[in-house]
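In the form predicted on its own, a lone chain appears below as structure tokens.
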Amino acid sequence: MQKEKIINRFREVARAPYPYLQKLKKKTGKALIGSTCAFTPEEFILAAGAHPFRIFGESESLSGADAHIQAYGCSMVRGMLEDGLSGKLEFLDGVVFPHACDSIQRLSDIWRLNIKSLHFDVLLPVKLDSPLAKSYFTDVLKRFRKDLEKALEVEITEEALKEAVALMNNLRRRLIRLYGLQSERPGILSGSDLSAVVKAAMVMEKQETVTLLDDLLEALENEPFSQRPPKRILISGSICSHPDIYQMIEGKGAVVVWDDLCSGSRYFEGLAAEDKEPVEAVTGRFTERYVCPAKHLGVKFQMENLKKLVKEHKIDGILFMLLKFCEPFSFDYPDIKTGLEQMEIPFLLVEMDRHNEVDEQMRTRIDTMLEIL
């Protein structure tokens, strides 16, 4: 399959995920289980014969959600609620709410009271490096397994879980390799296309995604590449749903070679051990991988991860995307700012809402940072 045709497929799903999901349900008859965070243990949903997908919040207006969540609440959470209240998600069968942050915990309560669907809470440990975190998380996953079995009237077998772990690892390996190619050959994909691939991977049928990624990787690896020395940018923070930002960066001769985003590398970072019992393997992945500031491993851990990424991918500058009213990232940023200043690497904080357009002030600030590079 031609490279452009494959990328267009990913773009199409990333741009309009709900029509894709409606067609998938009609075609397969599978239960569709939405998730609100990258901490969702998708392996269990797959092993139950259902299809997991990420809810991003596609609604432009938030008038319905504003009746339930204050205007200074997280716009991503308000967007997900608006989709549910407006009927855009009528096709889904259930939603998983990992208790990653206060906003998602409150969303879980509001959703339960106002929207009819199967409801699953995954009560994550707050400190993932505590001595009891793994045993606690194991119990949480066992309960989630039982809740899925009861709600969907199925049995989740050990064999099905092993197959699901292997499938998700196959998907993650390919996304890791795709990001690796972008770092090795900066600009082999545009930043907006790389972002679209990851977003689509969170929505699409997993085996279909693996097959498409195999074809895309083969096309990219065989494509002639003219090496040029662009400035290498890392985007860090929560989400970046604005293609304009990638285009601005590339318009200045720079390239996003890696990201540290919930809508990017945090989705696929870390593999589950396939030589272990499946519940233990999934527990290990979630408690040992890099985590977002909603879970506590300390600011030092965040900075060590940034230093590692800067070194590995020869980063020239960092764009820190802060979703307005996202408290976990807001709390950590002052210490991260101090750490970045000590690293003497140019960086810029960009605060934005989920669907806000890139205004002239933001464009000028980003242009200035890129010109400094």
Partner chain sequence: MAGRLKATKKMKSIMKWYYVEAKYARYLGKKVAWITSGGPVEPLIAMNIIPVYPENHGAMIGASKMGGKMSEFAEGLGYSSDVCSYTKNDITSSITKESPIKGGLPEPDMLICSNNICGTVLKWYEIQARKFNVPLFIYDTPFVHTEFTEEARAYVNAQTEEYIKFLEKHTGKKFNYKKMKRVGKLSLEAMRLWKKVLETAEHKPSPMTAFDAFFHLALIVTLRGKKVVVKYYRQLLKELEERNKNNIGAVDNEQYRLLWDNLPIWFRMRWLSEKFASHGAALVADTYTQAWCGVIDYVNEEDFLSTMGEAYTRIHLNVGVDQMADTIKKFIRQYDVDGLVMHSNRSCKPYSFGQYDIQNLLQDEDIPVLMIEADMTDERKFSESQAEARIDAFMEVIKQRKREKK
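All of these numbers come straight from a predicted model, not from anything done at the bench. Residue numbers count along the first chain shown, from 1.
A second form of this protein, the form predicted in complex with its partner chain, is not displayed here; the remarks below concern that form.
*Asks:* Wondering, does residue 273 line up within 4.5 Å of its partner chain in the model of the complex on heavy atoms?
*Replies:* Judged by the heavy-atom cut-off of 4.5 Å, residue 273 is well away from its partner chain in the model of the complex.
*Asks:* Does its partner chain get within 4.5 angstroms of any non-hydrogen atom of residue 121 in the model of the complex?
*Replies:* Within the cut-off, so yes.
*Asks:* Residue 324 versus its partner chain, in the model of the complex: is there a non-hydrogen atom within 4.5 Å?
*Replies:* Taking the distances in the model of the complex, the answer for residue 324 is yes, it comes within 4.5 Å of its partner chain.
*Asks:* Using heavy atoms and a 4.5 Å limit, would one call residue 313 a contact residue for its partner chain in the model of the complex?
*Replies:* Outside the cut-off, so no.
*Asks:* Work out which of the listed stretches, 281-289, 177-185, 245-253, 97-105, brings a heavy atom within 4.5 angstroms of its partner chain in the model of the complex.
*Replies:* Looking at the partner contacts, the answer comes out as 97-105.
*Asks:* Taking its partner chain in the model of the complex as the reference, which of 219, 110, 154, 160 has a non-hydrogen atom within 4.5 Å?
*Replies:* Exactly one residue meets the criterion: 110.
*Asks:* What I'd like checked is whether 268, 344 and 347 together line its partner chain in the model of the complex, meaning each has a non-hydrogen atom within 4.5 Å of it.
*Replies:* Checking in the model of the complex: none of 268, 344 and 347 is within 4.5 Å of its partner chain.
*Asks:* Taking only heavy atoms into account, state which residues of 62-100 are within 4.5 Å of its partner chain in the model of the complex, ordered by sequence.
*Replies:* 66, 67, 68, 69, 70, 72, 73, 99, in sequence order.
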